[in-house]
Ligand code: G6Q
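This document opens with one chain alone, in structure tokens, the form predicted on its own.
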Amino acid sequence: MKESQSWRRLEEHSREMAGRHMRDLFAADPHRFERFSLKVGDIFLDYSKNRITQETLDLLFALLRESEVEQWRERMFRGEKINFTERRAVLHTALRQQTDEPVYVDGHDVIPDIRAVLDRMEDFCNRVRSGEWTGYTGMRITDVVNLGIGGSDLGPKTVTEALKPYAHESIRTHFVSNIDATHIAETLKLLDPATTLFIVASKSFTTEETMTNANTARRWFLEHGGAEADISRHFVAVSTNTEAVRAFGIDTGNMFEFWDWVGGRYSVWSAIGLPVALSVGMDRFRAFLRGGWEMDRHFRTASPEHNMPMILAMIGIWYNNFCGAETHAVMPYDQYLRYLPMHLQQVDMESNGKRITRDGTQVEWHTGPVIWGEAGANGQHSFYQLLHQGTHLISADFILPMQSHNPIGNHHDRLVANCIAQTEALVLGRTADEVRKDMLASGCGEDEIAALLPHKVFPGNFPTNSLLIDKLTPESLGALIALYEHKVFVQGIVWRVNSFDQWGVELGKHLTGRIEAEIARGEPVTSHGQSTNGLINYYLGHRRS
């Protein structure tokens, strides 16, 4: 890829752009904001505060076309097995499709199967939310606990929290993922077993962390008044392992299916979204799906130059591969979106954290960046100092709803002001002349100015995208998450990696099983390297004492 004409031209262009400041780019183009902004549905994107010109974009889109992104996009939507290492289709888009157009996997139309699961979810959610479904004492369910990990936790947790303004007034939702006993212990302290419903979310029903927590929850339930016969009133499953679900004590009529063509980090659109539907209702969960589908339609039909996921993807490639940036920050200025950076970490880093190309050779370019972030304005009092005056180039997305669900006083106006001010400060910075002028105006003497001036200079020229949402609703949230999913897809195609497997997590799982067995035996070990042997034996010594 690095030998391609478009790649080489981008390398040349990056050298030409190296000394240019965005102050000058804005000064040279009075219509830059209008030209480098786009609205899709309820999402407005301003990408004018980037170290780009029209030539930059033209070259990036040439690389996109040379990488055959549009052809790969159609292969995904058609259900071809583009996850070739696992021989699977990639069809999270089918989960949110709003039309009856067939989508085939191995000659079978999966749309009726998806609709059937959604209908079963709706019936179940209606019974729980209305109080028709009760616990073993006849009391209605007041708490729902999702037991999952990875995509079975981060996706539904992010969406449930984001849609909290729409939540059922008498159902609280909890998420337990960590195998650390503290996570489930502290959650169970808050609950009454007679009014608690557990969702065990594991496709195989063998995921170690999830099943460890599920068995702990089961014991807790039985030790606090429940009986074996009551398990089916308080536990349901999102899984495909009917035998294991039945052995646990769950009625398989309350087992909600999803399929191997649904990757874990893309599974919130499936029955893994059951805690979302229980919290906000199935009508709003369907609206969430509809928002994702609207972004799918845009992604599938808009030209690259007017395609929001493609624009964000190629700007990200510009920084990652041609400008030396290695991290990308996501800053949602909305407390309800505080888990979004965590969810996008998994979507992006588990997808494109790869070093082997689709043809099995090692890449010669950087692939996925480190994704991180924090809800604004908290981050301003934490890591923004590094953004403004640090030595790293970090690109960032600022996400801001125009309307607040809690319009108290002038809180939202101040939040908006903080968000927009940060993007302005990052792009403009503050020159030595500006600092000197301000200090003179405040009465500082020359000695003080000489001493403090270097510390008050901000270089600026730090890139940001601003994503403004009319209001955080199920539809706009669905569109926002789908936007990032498609951005990651485009980047993976350009980098020539398989964005839909995750072999990198398997080695840790394998070694965990081996070490766990050795710890269970309790005897000193010598079978590993000296550091690993030392750590295991140190733990065993403390456990014995």
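Computed from a prediction, not measured in an experiment: that's the story for all the values here. All residue numbers are counted from 1 along the displayed sequence.
Same protein, other form: the form predicted together with the named molecule, not shown, and the subject of what follows.
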{"property": "Non-hydrogen atom contact H510 with the named molecule in the predicted complex at 4.5 angstroms", "result": "no"}
{"property": "Distance check, H343 to the named molecule in the predicted complex, heavy atom within 4.5 Å", "result": "no"}
{"property": "Heavy atom of T158 within 4.5 Å of the named molecule in the predicted complex", "result": "no"}
{"property": "4.5 Å heavy atom contact, P304 to the named molecule in the predicted complex", "result": "no"}
{"property": "Stretch in contact in the predicted complex with the named molecule, which is absent here, among 199-207, 355-363, 183-191, 373-381 (heavy atoms within 4.5 Å)", "result": "199-207"}
{"property": "Of G281, G429, G249, G150, the one that lies within 4.5 Å of the named molecule in the predicted complex (heavy atoms)", "result": "G150"}
{"property": "Single option in R96, R265, H298, H328 placed near the named molecule in the predicted complex, where near means a heavy atom within 4.5 Å", "result": "R265"}
{"property": "In the predicted complex, residues of 493-509 near the named molecule [heavy atom within 4.5 Å]", "result": "Q502, V505, K509"}
